[in-house]
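Encoded as structure tokens, the following chain is the form predicted on its own, with no partner shown.
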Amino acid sequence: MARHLITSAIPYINGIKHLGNLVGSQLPADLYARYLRARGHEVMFICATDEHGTPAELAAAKAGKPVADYCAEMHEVQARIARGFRLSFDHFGRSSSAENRALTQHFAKRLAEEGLIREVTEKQMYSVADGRFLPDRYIEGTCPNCGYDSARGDQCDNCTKQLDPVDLIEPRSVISGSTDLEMRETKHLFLCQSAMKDKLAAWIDSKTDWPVLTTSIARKWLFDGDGLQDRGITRDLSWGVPAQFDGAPWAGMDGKVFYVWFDAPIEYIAATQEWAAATGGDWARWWRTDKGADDVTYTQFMGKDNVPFHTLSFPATILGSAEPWKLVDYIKSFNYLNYDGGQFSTSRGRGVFMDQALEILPADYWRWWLLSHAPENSDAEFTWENFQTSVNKDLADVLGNFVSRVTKFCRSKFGEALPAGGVTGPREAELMAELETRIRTYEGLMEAMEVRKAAAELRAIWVAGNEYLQAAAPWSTFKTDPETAAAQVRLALNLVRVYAVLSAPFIPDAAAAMLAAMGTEDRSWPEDIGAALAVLPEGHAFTTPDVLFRKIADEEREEWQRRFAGRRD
């Protein structure tokens, strides 16, 4: 049994996320965690809400609430929605926790002791209208690199280029919209990333198995233009981890907090400490290589916009501390999911957001479509036509149809128990050979985190059962050879259990319903398909389940398409 640490990029606290956010980190991380647990491995799956920085302050101000109260409320909202999507976190933490505050300040101290933090007096945007310095995310403008007109002062979400506010064309205050901005002097702490460049480059180069998307973004930041630059790690904000050293304000840093992108990744560790405080578990064995974490495989899941901070800034923090912390072993990054010919837009109400999705259909419908269309090698697009087709054909016509046909037929001819008698023949042997090959392929794809290919292989496994049932036609065989029909049905009912086990990482609720219908809690993995298809013995009782997946009607699809089109500008 191996030990696996899994983290998904922590979502900002400012509101409910859309389906693109879900499929870009949390959902594939959950898929992988569920699969590893099903194979008997020990898993620690960690996520949290990212509660500091500009997004939290702006959202709280818009809601008319103190920022701490707003964050507490939204953490519960996001946790509830995560449960709704069956995200199986071992702990869903908060970056505003006492653990993260202490650990962030600890890392800053260690970096300073290692000579990797310097003070910089610089000019920063000041809004005359707002009467305050504007942290980079309080400033928007046009990206000088790609022309995107809503680039932020730290990064362009469209082309991922790292920016400074002064780089923006026609910058404006996010608070007031004012363009009356001027540069004034202020002092901040900088992480000396440039001093870590060679060590980071060697580390990135050693990751020959990482996705090209991940390494290409990292190398772009390392080598393009002037290369990796030192990065400010404090901001002029009131909400965040105070810039303190040994419990007292860092000299000259009164009233400043650490930059959200400095403290947010540290929350992965802090959230595990939160888990330990709640459960009595040992967090150090997951994160400290001197405490047993050297045998842990650490995998991170994230959208491509988060890659630079996880391949460079966070590793610079870990390596620069000169302490025995666990570094990530593999980063699975994703492109963007677009919506029906454009982009998801919170401000325009365009696209489906996580709470809305669960109001329309159960989680498994969304989990299946999102994972089977995950934007791994390029951006993907959600369309209602594709969603309807996938649900109706994959879930209803293939998997749901198989379960319905075999259980209803058995009930009508043999009763609700696995029938006795009969033996299997060449057709069943052929099916088992195909399943053995496909299941081993499925395992390899899941272990490699090839999400779309794994979904396609799982569907092919479902199809194999349908094709067998159609060819064997036990409803016809029963008329002349009821014992052979009994053997065929017994195999098919055992296959329902196998399908439940294999499908659980993708569609956990449907898998649980299939197991319940089969009257078993046996989730043993089909290491040998022959043995797996004999787990449920003759005479074992089952029930005929309700419809596993209902079809989406054209009228529903058209109504949803109108509802989530967003307003027109």
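All figures in this text were calculated on a predicted structure; none of them were measured in a lab. Note that residue numbering follows the sequence shown and begins at 1.
Note that the form predicted in complex with the RNA isn't included here; everything after this is about it.
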| item | value |
| --- | --- |
| Which of 127-135, 103-111, 70-78, 169-177 sits within 4.5 Å of the RNA in the model of the complex, heavy atom basis | 127-135 |
| Option touching the RNA, based on a heavy atom within 4.5 Å in the model of the complex, out of 326, 231, 332, 91 | 231 |
| Contact residue in the model of the complex, chosen from 310, 285, 459, 367 - any heavy atom within 4.5 Å of the RNA | 459 |
| Touches the RNA in the model of the complex: residue 320 (any heavy atom, 4.5 Å) | no |
| Touches the RNA in the model of the complex: residue 475 (any heavy atom, 4.5 Å) | yes |
| Partner proximity in the model of the complex: residue 380 to the RNA, non-hydrogen atom cutoff 4.5 Å | yes |
| Any non-hydrogen atom of residue 50 within 4.5 angstroms of the RNA in the model of the complex | yes |
| Residues within stretch 291-311 having a non-hydrogen atom within 4.5 Å of the RNA in the model of the complex | 304, 305, 309 |
